[in-house]
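In the block that follows, a single chain appears as C-alpha coordinates, in the form predicted on its own.
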Amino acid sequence: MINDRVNGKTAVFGVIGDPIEHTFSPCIQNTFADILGKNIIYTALHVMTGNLGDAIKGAYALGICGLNVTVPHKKEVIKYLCDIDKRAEAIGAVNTLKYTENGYVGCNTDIIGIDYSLKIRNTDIKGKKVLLLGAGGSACAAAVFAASGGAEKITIANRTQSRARELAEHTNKYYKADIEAIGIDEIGKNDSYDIVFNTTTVGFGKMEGMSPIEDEGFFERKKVSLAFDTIYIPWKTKFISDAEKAGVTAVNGFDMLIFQAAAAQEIWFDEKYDMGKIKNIRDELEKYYRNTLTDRI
(Lines give C-alpha, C1' and ligand atoms only; values in the text may rest on other atoms or scores of the structure.)
Protein backbone atom coordinates (compact mmCIF):
# COMPACT_ATOMS: atom_id res chain seq x y z
CA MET A 1 0.00 0.00 0.00
CA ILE A 2 1.32 3.43 -0.94
CA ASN A 3 1.62 5.90 1.95
CA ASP A 4 2.09 9.44 0.67
CA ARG A 5 1.07 11.17 3.91
CA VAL A 6 4.70 12.15 4.62
CA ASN A 7 6.50 14.02 1.85
CA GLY A 8 9.25 16.55 1.26
CA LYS A 9 7.10 19.38 2.60
CA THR A 10 6.15 17.61 5.83
CA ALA A 11 7.17 19.66 8.89
CA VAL A 12 8.68 17.75 11.81
CA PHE A 13 7.69 18.35 15.45
CA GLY A 14 8.29 16.32 18.59
CA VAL A 15 8.44 15.99 22.34
CA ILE A 16 11.63 15.56 24.35
CA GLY A 17 11.98 14.01 27.77
CA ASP A 18 13.63 11.31 29.87
CA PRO A 19 11.87 8.88 30.00
CA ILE A 20 9.60 9.45 27.02
CA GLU A 21 8.25 6.04 25.97
CA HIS A 22 5.03 6.52 27.97
CA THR A 23 3.99 9.80 26.34
CA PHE A 24 0.52 10.24 24.83
CA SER A 25 1.60 13.43 23.03
CA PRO A 26 2.27 11.92 19.56
CA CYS A 27 -1.25 10.51 19.47
CA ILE A 28 -2.73 13.87 20.53
CA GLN A 29 -0.66 16.06 18.22
CA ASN A 30 -0.91 13.84 15.13
CA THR A 31 -4.68 13.55 15.66
CA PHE A 32 -4.99 17.34 15.82
CA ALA A 33 -2.82 17.68 12.72
CA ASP A 34 -4.83 15.16 10.68
CA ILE A 35 -8.20 16.66 11.57
CA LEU A 36 -7.03 20.26 11.15
CA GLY A 37 -5.26 19.52 7.85
CA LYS A 38 -1.66 20.16 8.90
CA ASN A 39 1.12 18.51 6.90
CA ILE A 40 3.25 17.56 9.90
CA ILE A 41 4.60 14.55 11.69
CA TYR A 42 5.10 14.55 15.45
CA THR A 43 7.24 12.02 17.31
CA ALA A 44 8.76 11.28 20.72
CA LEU A 45 12.49 11.94 21.14
CA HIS A 46 14.41 10.48 24.06
CA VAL A 47 16.88 13.10 25.31
CA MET A 48 18.95 12.37 28.41
CA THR A 49 19.86 15.27 30.69
CA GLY A 50 23.53 15.43 29.71
CA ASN A 51 22.61 15.66 26.02
CA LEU A 52 20.01 18.42 26.26
CA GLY A 53 22.14 21.26 24.88
CA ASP A 54 23.35 19.21 21.92
CA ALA A 55 19.81 17.99 21.28
CA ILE A 56 18.40 21.53 21.09
CA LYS A 57 21.23 22.69 18.86
CA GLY A 58 20.83 19.65 16.61
CA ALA A 59 17.05 19.97 16.41
CA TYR A 60 17.38 23.60 15.35
CA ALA A 61 20.03 22.72 12.75
CA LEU A 62 17.76 20.02 11.35
CA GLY A 63 14.88 22.49 11.07
CA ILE A 64 12.57 20.78 13.54
CA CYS A 65 9.78 23.35 13.60
CA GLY A 66 8.65 22.96 17.20
CA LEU A 67 9.11 20.88 20.30
CA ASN A 68 7.24 20.09 23.45
CA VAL A 69 9.34 19.62 26.56
CA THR A 70 8.55 17.32 29.46
CA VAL A 71 10.34 16.16 32.60
CA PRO A 72 13.11 16.60 33.52
CA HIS A 73 13.96 19.34 30.99
CA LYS A 74 11.36 22.08 31.55
CA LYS A 75 13.68 24.36 33.54
CA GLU A 76 17.09 23.33 32.19
CA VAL A 77 16.08 23.92 28.56
CA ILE A 78 15.70 27.67 29.17
CA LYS A 79 19.47 28.25 28.98
CA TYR A 80 19.52 26.96 25.39
CA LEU A 81 16.78 29.27 24.06
CA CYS A 82 16.98 32.70 22.46
CA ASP A 83 14.02 34.00 24.45
CA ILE A 84 11.04 32.98 26.61
CA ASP A 85 7.61 34.56 26.97
CA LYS A 86 6.30 36.27 30.12
CA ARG A 87 4.20 33.35 31.27
CA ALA A 88 7.09 30.92 30.98
CA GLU A 89 9.31 33.37 32.87
CA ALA A 90 6.74 33.73 35.65
CA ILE A 91 6.25 29.96 35.93
CA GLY A 92 9.99 29.35 35.64
CA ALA A 93 9.50 26.49 33.19
CA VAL A 94 9.03 25.93 29.47
CA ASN A 95 7.02 23.17 27.78
CA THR A 96 6.80 24.44 24.19
CA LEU A 97 9.52 25.60 21.79
CA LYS A 98 8.80 27.64 18.66
CA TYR A 99 11.31 27.84 15.81
CA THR A 100 12.38 31.40 14.89
CA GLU A 101 15.21 32.82 12.81
CA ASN A 102 17.16 33.57 16.02
CA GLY A 103 16.65 30.20 17.70
CA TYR A 104 13.90 28.54 19.68
CA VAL A 105 11.57 30.72 21.77
CA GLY A 106 10.23 29.07 24.92
CA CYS A 107 6.57 29.21 25.97
CA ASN A 108 4.45 27.57 28.64
CA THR A 109 0.99 26.34 27.65
CA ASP A 110 -0.01 24.96 31.07
CA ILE A 111 -1.97 28.15 31.82
CA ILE A 112 -3.81 27.95 28.51
CA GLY A 113 -4.62 24.30 29.21
CA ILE A 114 -6.16 25.22 32.55
CA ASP A 115 -7.99 28.21 31.07
CA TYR A 116 -9.57 26.20 28.25
CA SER A 117 -10.55 23.43 30.69
CA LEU A 118 -12.53 25.97 32.71
CA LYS A 119 -13.95 27.86 29.75
CA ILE A 120 -15.64 24.82 28.21
CA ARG A 121 -17.46 24.52 31.53
CA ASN A 122 -18.46 28.19 31.45
CA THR A 123 -16.19 29.00 34.38
CA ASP A 124 -13.99 32.10 34.67
CA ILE A 125 -11.26 32.59 37.26
CA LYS A 126 -11.90 36.35 37.49
CA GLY A 127 -13.32 37.38 40.85
CA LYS A 128 -13.10 33.86 42.26
CA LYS A 129 -11.72 32.69 45.61
CA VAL A 130 -9.16 30.01 44.79
CA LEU A 131 -7.63 27.29 46.95
CA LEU A 132 -4.43 25.85 45.52
CA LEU A 133 -3.16 22.60 47.06
CA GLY A 134 0.57 22.08 46.55
CA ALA A 135 3.55 24.27 45.75
CA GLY A 136 5.42 22.47 42.96
CA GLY A 137 5.67 23.06 39.21
CA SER A 138 1.98 22.52 38.44
CA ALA A 139 1.05 24.72 41.40
CA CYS A 140 3.19 27.53 39.98
CA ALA A 141 1.29 27.36 36.68
CA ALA A 142 -2.06 27.38 38.50
CA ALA A 143 -0.97 30.28 40.72
CA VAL A 144 0.14 32.36 37.74
CA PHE A 145 -3.10 31.49 35.95
CA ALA A 146 -5.22 32.61 38.91
CA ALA A 147 -3.19 35.77 39.57
CA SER A 148 -3.01 36.85 35.92
CA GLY A 149 -6.70 36.06 35.43
CA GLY A 150 -7.90 38.35 38.22
CA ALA A 151 -8.83 35.93 41.00
CA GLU A 152 -10.25 37.75 44.03
CA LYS A 153 -8.09 35.79 46.48
CA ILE A 154 -5.62 32.91 46.16
CA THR A 155 -4.85 30.62 49.08
CA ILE A 156 -1.82 28.39 48.58
CA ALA A 157 -1.78 25.44 50.98
CA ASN A 158 1.16 23.08 51.29
CA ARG A 159 2.44 20.64 53.89
CA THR A 160 5.65 22.66 54.01
CA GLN A 161 4.28 26.17 54.53
CA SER A 162 7.56 27.86 53.64
CA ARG A 163 7.29 26.51 50.08
CA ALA A 164 3.77 27.93 49.82
CA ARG A 165 5.17 31.30 50.92
CA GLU A 166 7.94 31.12 48.33
CA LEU A 167 5.39 30.42 45.60
CA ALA A 168 3.19 33.30 46.75
CA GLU A 169 6.14 35.71 46.76
CA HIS A 170 7.37 34.50 43.37
CA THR A 171 3.93 34.89 41.78
CA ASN A 172 3.54 38.41 43.16
CA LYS A 173 6.75 39.47 41.44
CA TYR A 174 4.93 39.17 38.14
CA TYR A 175 1.24 39.58 38.95
CA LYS A 176 0.04 41.56 41.95
CA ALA A 177 -2.70 39.61 43.67
CA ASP A 178 -4.16 38.88 47.09
CA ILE A 179 -2.25 35.67 47.90
CA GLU A 180 -1.92 33.96 51.26
CA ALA A 181 0.25 30.95 52.14
CA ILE A 182 -0.90 28.45 54.75
CA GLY A 183 -0.24 24.92 55.92
CA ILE A 184 -2.49 22.31 54.34
CA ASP A 185 -4.01 21.60 57.76
CA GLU A 186 -5.32 25.21 57.83
CA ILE A 187 -7.52 25.03 54.73
CA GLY A 188 -10.67 24.97 56.87
CA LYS A 189 -10.06 28.45 58.28
CA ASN A 190 -11.61 30.33 55.33
CA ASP A 191 -15.38 30.46 54.99
CA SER A 192 -15.53 29.44 51.34
CA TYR A 193 -13.63 28.72 48.13
CA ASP A 194 -15.04 28.91 44.61
CA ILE A 195 -12.40 26.80 42.87
CA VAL A 196 -10.03 24.22 44.34
CA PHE A 197 -6.96 23.00 42.46
CA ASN A 198 -5.14 19.83 43.49
CA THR A 199 -1.61 20.03 42.07
CA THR A 200 -0.15 17.49 44.51
CA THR A 201 0.53 13.84 43.64
CA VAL A 202 -1.83 12.65 46.37
CA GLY A 203 -4.21 10.31 44.58
CA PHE A 204 -1.61 9.01 42.09
CA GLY A 205 0.62 5.94 42.17
CA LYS A 206 1.23 4.61 45.65
CA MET A 207 -1.14 7.26 47.00
CA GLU A 208 -4.07 6.17 44.83
CA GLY A 209 -7.27 6.17 46.87
CA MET A 210 -6.09 9.11 48.98
CA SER A 211 -6.94 12.80 48.78
CA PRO A 212 -5.08 15.91 50.00
CA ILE A 213 -8.45 16.91 51.53
CA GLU A 214 -9.31 14.22 54.06
CA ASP A 215 -12.64 15.79 55.08
CA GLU A 216 -15.20 14.48 52.56
CA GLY A 217 -17.69 17.19 53.56
CA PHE A 218 -15.25 19.97 52.75
CA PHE A 219 -16.54 20.71 49.22
CA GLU A 220 -20.15 21.16 50.28
CA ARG A 221 -19.37 23.10 53.47
CA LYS A 222 -17.00 25.50 51.69
CA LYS A 223 -19.47 26.04 48.81
CA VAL A 224 -16.96 24.94 46.16
CA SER A 225 -18.28 25.23 42.60
CA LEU A 226 -15.40 23.57 40.70
CA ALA A 227 -12.66 21.10 41.67
CA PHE A 228 -9.65 20.66 39.36
CA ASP A 229 -7.23 17.74 39.77
CA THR A 230 -4.07 17.75 37.65
CA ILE A 231 -3.98 13.94 37.94
CA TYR A 232 -5.68 11.84 35.23
CA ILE A 233 -4.40 8.39 36.20
CA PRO A 234 -6.54 7.08 37.78
CA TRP A 235 -9.28 8.76 35.78
CA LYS A 236 -11.26 9.49 38.92
CA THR A 237 -9.24 10.21 42.06
CA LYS A 238 -10.73 10.34 45.53
CA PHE A 239 -10.45 14.14 45.31
CA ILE A 240 -12.64 14.06 42.19
CA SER A 241 -15.07 11.50 43.64
CA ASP A 242 -15.55 13.49 46.84
CA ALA A 243 -16.22 16.65 44.84
CA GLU A 244 -18.77 14.90 42.60
CA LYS A 245 -20.58 13.46 45.62
CA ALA A 246 -21.02 17.04 46.82
CA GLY A 247 -22.50 18.06 43.46
CA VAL A 248 -19.38 19.99 42.45
CA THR A 249 -18.19 20.22 38.83
CA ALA A 250 -15.04 18.08 38.77
CA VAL A 251 -12.25 18.19 36.16
CA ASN A 252 -9.26 15.85 35.96
CA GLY A 253 -5.92 16.58 34.30
CA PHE A 254 -6.79 15.07 30.92
CA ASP A 255 -8.41 18.27 29.67
CA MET A 256 -5.31 20.25 30.61
CA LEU A 257 -3.18 17.74 28.66
CA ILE A 258 -5.33 18.03 25.55
CA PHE A 259 -5.87 21.78 25.57
CA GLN A 260 -2.23 22.63 26.20
CA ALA A 261 -1.41 20.46 23.17
CA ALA A 262 -3.87 22.50 21.09
CA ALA A 263 -2.29 25.67 22.45
CA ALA A 264 1.15 24.45 21.33
CA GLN A 265 -0.11 24.09 17.75
CA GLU A 266 -1.67 27.55 17.94
CA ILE A 267 1.77 28.89 18.88
CA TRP A 268 3.60 26.92 16.18
CA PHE A 269 1.22 27.96 13.39
CA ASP A 270 0.26 31.45 14.65
CA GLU A 271 -3.40 30.48 14.53
CA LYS A 272 -6.39 30.45 16.85
CA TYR A 273 -8.43 27.27 16.71
CA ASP A 274 -12.19 27.00 17.04
CA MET A 275 -12.95 25.84 20.59
CA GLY A 276 -15.93 23.78 19.47
CA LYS A 277 -13.77 21.77 17.08
CA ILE A 278 -11.04 21.34 19.69
CA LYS A 279 -13.60 20.08 22.20
CA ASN A 280 -14.87 17.52 19.68
CA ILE A 281 -11.31 16.28 19.10
CA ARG A 282 -10.81 16.15 22.86
CA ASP A 283 -13.92 13.97 23.24
CA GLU A 284 -12.65 11.50 20.63
CA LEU A 285 -9.22 11.36 22.27
CA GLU A 286 -10.83 10.67 25.64
CA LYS A 287 -12.74 7.69 24.22
CA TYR A 288 -9.56 6.30 22.69
CA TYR A 289 -7.50 6.94 25.79
CA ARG A 290 -9.95 5.40 28.23
CA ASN A 291 -10.55 2.37 26.04
CA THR A 292 -6.96 1.50 25.14
CA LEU A 293 -4.34 3.50 27.03
CA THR A 294 -5.39 3.63 30.68
CA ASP A 295 -2.24 1.77 31.67
CA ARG A 296 -0.07 4.73 30.57
CA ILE A 297 1.57 7.00 33.13
Ligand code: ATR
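Not measured: the values here are computed from a predicted model. Numbers for residues come from their place in the sequence shown, where the first is 1.
As for the form predicted together with the named molecule, it is not shown, yet the points below apply to it.
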Among 121, 221, 86, 159, which has at least one heavy atom within 4.5 Å of the named molecule in the predicted complex? 159
From 125, 111, 202, 227: within 4.5 Å of the named molecule in the predicted complex by heavy atoms is 202
Please state whether every one of the three residues 138, 163 and 207 places a non-hydrogen atom within 4.5 angstroms of the named molecule in the predicted complex. yes
If we define contact as a non-hydrogen atom of the residue within 4.5 angstroms of the partner, is residue 106 a contact of the named molecule in the predicted complex? no
Here the chain appears without its partner; judged in the predicted complex, the stretch of 76 to 84, 193 to 201, 96 to 104, 143 to 151 with heavy atoms within 4.5 Å of the named molecule is 193 to 201
